[in-house]
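In structure tokens, the next block holds one chain alone, the form predicted alone.
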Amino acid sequence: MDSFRQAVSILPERLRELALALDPGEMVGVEEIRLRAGRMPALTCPDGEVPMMGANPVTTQEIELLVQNASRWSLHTVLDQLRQGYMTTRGGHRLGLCGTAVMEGGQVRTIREITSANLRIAREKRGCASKIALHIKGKNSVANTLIIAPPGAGKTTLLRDLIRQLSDCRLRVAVADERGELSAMWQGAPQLDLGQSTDVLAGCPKAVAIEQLLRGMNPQVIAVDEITAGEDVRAIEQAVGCGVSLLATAHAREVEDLKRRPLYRELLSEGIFRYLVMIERRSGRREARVVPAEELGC
């Protein structure tokens, strides 16, 4: 509930009061608060999206105020994040934004006339990766592991706890945190615990970050959240070739989805990963299981 209360502190007063009026049991289950101009505010819960009861439609002025609150009334300080469609707030909570993209040189320069906001509540689930850590960790090494699940299923939360546990076992873990989702950097400080022996390079393209981490930090493990480009694959191959272990995530419902995507098909065919972790939802709860890659034909 503390994470929930901290996250909603940036909401405009009317919406904040509605959120804080929820039953404590409801607060614990809320994963996101979604605001769309002219529509009822909604809550994303384990069973799906539900309207926030007793609320009037969200106004564009309220969304504008939310964005100003999230930036502490200094939008110019978060332009790098804003052009990527999100903002990180104190505590590691993430505010996703949609509206009209302003383009320049084929790149998004900023987003204006914001019409939708998604406040994702950051919660550390300490211990959620314990079974996985025991499975993939050797005496002085870690098996290359890929975590697979659809968006919003908890891949980043699981990876974050896995990083923390390995790091607290005194393995040197380096995190290539391109979008800041693992460390949740806010004003230069990680908002979420990644362990005692972890080094983070945030805001840098993964391929460049991996190369710099290899050169400068002498890691035993490198962790990345979502491989998205051919350059990432080349950098991963280089890291593995140097004897560094790899932890990564991928958006997919099953392995067959990955095999249809050239980037992952290449990684899987090369046998880069020894284990795949599948996150599944059962009876409203998420469960992670570790499967040897060879059993899945990878």
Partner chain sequence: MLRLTGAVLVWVGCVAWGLRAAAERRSQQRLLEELVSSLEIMERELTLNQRALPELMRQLSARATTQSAQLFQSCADSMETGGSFVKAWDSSVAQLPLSREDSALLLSLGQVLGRYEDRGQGEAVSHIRRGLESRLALVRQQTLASARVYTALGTAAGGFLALILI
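Everything numeric here is computed off the predicted structure, so don't read it as measured data. Residue numbers count along the first chain shown, from 1.
Omitted here: the form predicted in complex with its partner chain. The next part is about that form.
Checking 232-240, 45-53, 252-260, 66-74 against its partner chain in the predicted bound form, the stretch whose residues place heavy atoms within 4.5 Å of it is 66-74.
Just one of 189, 134, 103, 79 comes within 4.5 Å of its partner chain in the predicted bound form, counting any heavy atom, and that one is 79. Not displayed here, its partner chain is approached by residue 109 to within 4.5 Å at the level of heavy atoms in the predicted bound form.
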